[in-house]
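Next up: just one chain, as structure tokens, the form predicted on its own.
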């Protein structure tokens, strides 16, 4: 028996680092992703092949995190979680391909996890609900990869819908498809500096926001408003971290109203606010990301721009008029190269359907 599955990457639109703080997020699946195709084996071995990453083999009995070829941990972690859930997963061969670049904030890791889970459930005749699959993939990232990520990436990759943003409430697990204003496009621009969330900065921010919530006597930072936060005493570092998360939750709520009114310009203004908060309060931007945002916001036809994903490198997302997208992408790439000396891969993307 052979099976294959496709899972898209995602772009975070608003709600930076809010998901693991029980907050709210707006994201979208994009029309780039990864395909995993595979078949069962009867010798208890797992063989993985990727044209860009190489070949890897291990036995099911010898599952362990890999220190050298870290990309395989996203697959092996899903296998481990399926086994721990009591499912009978045996050996298999799998090929991985796609057009989603790794390490630039578009959640290639979640796409790989989700596509792997879909294939293995099919190959070994097992069933889980879509939300259960998302949570299983998140646990794989926590336990096998070592990144304490929220659930946004997996949820968006699974529940994406063409022409819609995905609203996710990380406390209630509510997922909603929100119509996105027509006539607008998203431009993804790689900074040329890859992210390495396993190096600890992501986990450090998670600890800092948890410390801020505890200092405020809160279950999570979603439980306080920007006005209330301004009245409370906190050490300067924790205040900045809390201000970012609390402000992001508020921006997502404001964005829902703007999207209902098809107000793309208003949404873009919130993206600009979000990036400035990332730069000043959360310190998860970089000089390269800041330059991409600065250049984009100076171009006619652009409504807003911000870093997307965890930050610390990666990519930006620019919201612009669809008819101007090709010109804007070209000008952004040329100006960025001239001012930074770096080459940025850019592509215009559409809001796409989720995994299948």
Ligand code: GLA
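What you are looking at is a predicted structure, and each value in this text was computed from that prediction instead of being measured. Positions refer to the first chain, counted from 1.
Note that the form predicted together with the named molecule isn't included here; everything after this is about it.
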Just give me the single entry in 209, 149, 108, 281 that has a non-hydrogen atom within 4.5 angstroms of the named molecule in the predicted complex. 149
Non-hydrogen atom contact residue 23 with the named molecule in the predicted complex at 4.5 angstroms: no
Flag residue 118 as yes or no: does it have a non-hydrogen atom within 4.5 angstroms of any non-hydrogen atom of the named molecule in the predicted complex? no
Does the named molecule get within 4.5 angstroms of any non-hydrogen atom of residue 202 in the predicted complex? yes
With a cut-off of 4.5 Å between heavy atoms, is residue 310 one of the residues that contacts the named molecule in the predicted complex? yes
Contact stretch among 35-43, 48-56, 325-333, 302-310 - heavy atom within 4.5 Å of the named molecule in the predicted complex: 302-310
